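A lone chain, given as structure tokens: the form predicted alone.
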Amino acid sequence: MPETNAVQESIRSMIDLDGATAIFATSFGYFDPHVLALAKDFPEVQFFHCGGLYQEGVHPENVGSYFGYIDEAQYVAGVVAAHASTSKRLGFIAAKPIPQVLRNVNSFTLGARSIDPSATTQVIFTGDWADPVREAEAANSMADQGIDVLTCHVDSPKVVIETAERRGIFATGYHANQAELAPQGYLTGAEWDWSNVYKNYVSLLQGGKTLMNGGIPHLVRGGFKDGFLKLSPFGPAVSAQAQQAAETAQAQLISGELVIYKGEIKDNKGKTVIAGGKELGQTAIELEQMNWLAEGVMGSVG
């Protein structure tokens, strides 16, 4: 987590010296304490945090939160991964076991297991958002174990994708399109498209809308349907069957026909975490508080 004084002094400078009236904090760890503390000191300034979970009646009214359901794209990537894998052993290299990351790991695995229920995902948490050495070690270790598709949730997927290509295995990307890094083995990827999010905020702010007057929602979320994310183009190793399955899953996520977290779902310790017949749609707060790994995931959150 960034140093409290440095972060807060930087934001104070933007407000006091530059006259900023809207602050967008986009790093993990900025929401609490930084955004919440400064929002109380500057009630006339609007603070928007990427990923923080705004709670009505608990947090200041000049605080907002926005994020995307990128796990929808990870689910579809899992569908493609299962089609490409011959070992049915997938690998996920992740930074920290926080809810957004766990949701990606679980959705990727659930997507894969929708194609082959025997598919498993080995997850390794590096402990940091950017640790190229540990990312390379994890990727090589997985390849040595016979895992033949890798994906990740780290700040820069470059090391993971390039290592997979060098080892002759497949990869699905994250954040943006990494196809150029793995021209043979890149299958697809879960990409953000922040342009719609920020354009909408700017339009609302220009129109005089605020968090305080109710013109801007405190909690903004969106998925494929809302244009918050997209899939990387399919790589040369993706079969026609896999592409059709992926496109079908994506269309069903957009229409609402497909609910990723539909019970019964067990965690990887055998405990039922979503009861049979129960559905947690993408807006369910429970998913933003996720602290478990799904059945089929090899690893631990603690």
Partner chain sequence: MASEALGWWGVPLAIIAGTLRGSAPFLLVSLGECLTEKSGKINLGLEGTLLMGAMSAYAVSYLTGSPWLGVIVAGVAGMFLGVIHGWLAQQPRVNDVAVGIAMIIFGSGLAFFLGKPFIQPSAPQLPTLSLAGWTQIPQLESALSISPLFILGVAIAPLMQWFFRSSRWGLLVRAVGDSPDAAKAMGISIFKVRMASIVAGSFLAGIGGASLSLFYPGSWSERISSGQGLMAVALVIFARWNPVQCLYASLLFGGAQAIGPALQSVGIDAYYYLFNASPYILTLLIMVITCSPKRTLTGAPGSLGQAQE
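Numbering follows the first chain given and starts at 1. Quantities reported herein were computed from a predicted structural model and do not represent experimental measurements. Rigid core: the largest C-alpha set superposing within 1.5 Å between the two forms.
There is also a form predicted together with the partner chain; it is not shown, and the following applies to it.
- In plain terms, the part of the chain that comes close to the partner chain in the model of the complex, with a heavy atom within 4.5 Å, is 165-173 out of 220-228, 187-195, 165-173, 112-120.
- Listed residues A143, I216, A179, V101 were compared with the partner chain in the model of the complex; A143 is the one with a heavy atom within 4.5 Å.
- Proximity of H83 to the partner chain in the model of the complex falls outside the 4.5 Å heavy atom cutoff.
- Within this chain, N5 is remote from the site of the partner chain in the model of the complex, having no heavy atom within 4.5 Å.
- Of the heavy atoms in V159, some are within 4.5 Å of the partner chain in the model of the complex.
- Residue contact with the partner chain in the model of the complex: V154 places no heavy atom within 4.5 Å of it.
- Contacts between 115-134 and the partner chain, taken as any heavy atom within 4.5 Å in the model of the complex, involve Q122, V123, I124, F125, T126, G127, D128, A130, D131, P132, V133, R134.
- Fitting the two forms on the rigid core leaves the C-alpha of Q250 displaced by under 2 angstroms between the shown form and the other one.
- With a cut-off of 2 Å and the rigid core superposed, S232 has a Cα displacement that falls short of the cut-off between the shown form and the other one.
- The Cα position of N268 differs by 2 Å or more between the shown form and the other one after fitting on the rigid core.
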